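The form predicted alone is given below as one chain in structure tokens.
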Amino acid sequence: MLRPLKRRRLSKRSALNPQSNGNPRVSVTIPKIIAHRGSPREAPENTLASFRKAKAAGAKWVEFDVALTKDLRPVIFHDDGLERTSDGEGLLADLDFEAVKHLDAGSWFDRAYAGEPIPTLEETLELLAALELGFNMELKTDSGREAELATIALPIALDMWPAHLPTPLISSFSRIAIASAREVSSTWPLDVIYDRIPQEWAEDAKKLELVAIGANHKHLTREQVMEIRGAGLKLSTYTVNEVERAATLFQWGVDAIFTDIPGEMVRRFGA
């Protein structure tokens, strides 16, 4: 049974973060290894089973993706389409939650996970709190609903997440979603994710009050790492599944890697 949660008060944009000393940019402590969608080589990605596997592997944080059903329920799912990681068809955004909750999100991975559901945001937060797993919540880029997703999902997380656990990181490839997230909360740290870091990254960081930047490790250079870290921002990279590459990135000064093999990375580099 999940224990009762000591919840945070929802923080409005107008409230000054007492830890910021007048600086709108808040601090965040992130571990070196973040389990990407749980432990997706051991269990179906973005499911409660996958998050449990990540905990068992020694991860301190997980990353998950949140998206909206047609009737605006936030659920944990990565793709626009349902086919790759469930027995559904079509777009997640075209189905009401009543239909989504009956989909099988486990059989595609292994028969042992038959019947594993697509979890709601609330179910995920309850499990992570019980496991004392921190998290990075990625707001998906559902065109036209980026702001709506932020204004629905983030208040739920703010209300449910226990005060004694690490403050999460909220990220997105969508600047619209991140701008909306900042309107919801002045105290939770925000992160914009890039495939290739653009020249205007520093402008984004200032305008959106970012504390971190996420980047595709395949396009990242040592010089970019030095510039971003020199600007006082955290830097995480995705999706790193080779130990040698991880070692190079950490040597450059990267703060965290997202990985599909959290157990192996934790054994090599620590959590």
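Being a predicted model, the structure only gives us computed values, none of them experimental. Note that residue numbering follows the sequence shown and begins at 1.
Just so it is clear, the following notes concern the form predicted together with a small molecule, a form of the same protein that is not shown.
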| property | result |
| --- | --- |
| The unique member of K53, K234, R37, K60 whose heavy atoms fall within 4.5 Å of the small molecule in the model of the complex | R37 |
| In the model of the complex, the one of R175, H78, K101, R145 near the small molecule [non-hydrogen atom within 4.5 angstroms] | H78 |
| In the model of the complex, L125 touching the small molecule (heavy atom, 4.5 Å) | no |
| Non-hydrogen atom contact E138 with the small molecule in the model of the complex at 4.5 angstroms | yes |
| Non-hydrogen atom contact I193 with the small molecule in the model of the complex at 4.5 angstroms | yes |
| Per-stretch contact check against the small molecule in the model of the complex, the hit in 29-37, 240-248, 199-207, 221-229 (non-hydrogen atom, 4.5 angstroms) | 29-37 |
